[in-house]
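For reference, the chain that follows is the form predicted alone, supplied as structure tokens.
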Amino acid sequence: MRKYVPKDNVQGKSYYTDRFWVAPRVPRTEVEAEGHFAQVLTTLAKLAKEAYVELGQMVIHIDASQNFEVMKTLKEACGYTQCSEQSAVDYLAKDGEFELFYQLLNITEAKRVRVICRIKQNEAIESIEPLYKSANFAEREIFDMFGIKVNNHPFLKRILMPDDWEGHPLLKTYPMIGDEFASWYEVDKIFGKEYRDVIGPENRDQARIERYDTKRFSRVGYEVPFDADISAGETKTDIEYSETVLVDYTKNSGKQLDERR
């Protein structure tokens, strides 16, 4: 049995006592002189600009213009036949660049390699779809969410957002609840712009609760008709509870069979 730990006022206590606490960087170690990762670096030669080990996997920094050559070498010469993840990180405000990464798996050796490269805004990256079919949807998502163009992709178009959507939702400059275009998108698409004054903008903040909203929230004890005007107040309604009891365990009047049927 686990030792009991008092949980008094858990929600009232802050997780970190230091307001400006910063999580430490994941420890990095050098690639060993011998072993699988050392052989991978030898195979890549000058294609690898920097390499180190984090959490048991090797991280390789490369030039973005050589991404296809690097991925082809890792697949054909090093056994990394599976690309399990591919995405990007927005560092435009800090460095003026995107960071792209590829997560590769060598099933035979049970080893993982993370390939990282950087590109400037409005620069394109070469598609690795001819090498890894899983990159098809991943590269379309990068294009959709970040606006990063991928050269020689077989079908580069949005995959999550509508084709006529404006903006890229995973950019750090994109508002969390959408911009002006997002607030009117469904109204314009379904009803037309002439109905903006009638319907109003879309509420994209899921945590927002309006006091007089009688469409989206149940009002237990203050039930009113759908879309009723309650600006003048509501009348409290007594809640009626059912008195039906399916099984009354307080009574010892159950019938007991003498023998199993």
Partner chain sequence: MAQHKVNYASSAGLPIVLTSADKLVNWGRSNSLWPLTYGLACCAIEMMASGASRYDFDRMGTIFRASPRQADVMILAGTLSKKHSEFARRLYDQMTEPKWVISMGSCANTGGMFNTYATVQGVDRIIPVDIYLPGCAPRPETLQYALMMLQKKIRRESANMNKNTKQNLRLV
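Since we're looking at a predicted model, the values are computed, not measured. Residue numbers count along the first chain shown, from 1.
Note that the form predicted in complex with its partner chain isn't included here; everything after this is about it.
Asks: Contact check in the model of the complex: Leu160, Ile190 and Pro225 versus its partner chain, with a cutoff of 4.5 Å between any heavy atoms. Do all three pass?
Replies: Yes, the whole candidate spot contacts its partner chain.
Asks: Counting only non-hydrogen atoms and a 4.5 angstroms cut-off, does Asn203 reach its partner chain in the model of the complex?
Replies: Yes - in the model of the complex, heavy atoms of Asn203 and its partner chain come within 4.5 Å of each other.
Asks: Taking heavy atoms only, is Tyr195 within 4.5 angstroms of its partner chain in the model of the complex?
Replies: Result yes; Tyr195 sits at the interface with its partner chain in the model of the complex.
Asks: Heavy atom to heavy atom, is Ile230 within 4.5 Å of its partner chain in the model of the complex?
Replies: Contact with its partner chain, no.
Asks: Is Ala138 one of the residues lying within 4.5 Å of its partner chain in the model of the complex, judged by heavy atom distances?
Replies: Ala138: no contact with its partner chain in the model of the complex.
Asks: Within 4.5 Å, heavy atoms only, which of Lys236, Arg28, Arg211, Lys215 is in contact with its partner chain in the model of the complex?
Replies: By the 4.5 Å criterion, the partner-contacting residue is Lys215.
Asks: Identify which of Val220, Ala33, Ala45, Leu55 has a heavy atom within 4.5 Å of its partner chain in the model of the complex; exactly one of them does.
Replies: Only one listed residue qualifies here, and that residue is Val220.
Asks: Quick check for you: of 164-172, 67-75, 117-125, 84-92, which stretch puts a non-hydrogen atom within 4.5 Å of its partner chain in the model of the complex?
Replies: Within 4.5 Å of the partner lies stretch 164-172.
Asks: Looking in the model of the complex, decide if the C-alpha atoms of Val198 and Phe217 are closer or farther than in the form shown; they differ by 3 Å or more.
Replies: Their C-alpha distance shrinks by at least 3 Å in the model of the complex.
Asks: Compare the CA separation of Val198 and Ser218 in the model of the complex with the one in the displayed structure, and answer closer or farther (the difference is at least 3 Å).
Replies: Relative to the displayed form, Val198 and Ser218 draw closer in the model of the complex - a change of at least 3 Å between their C-alphas.
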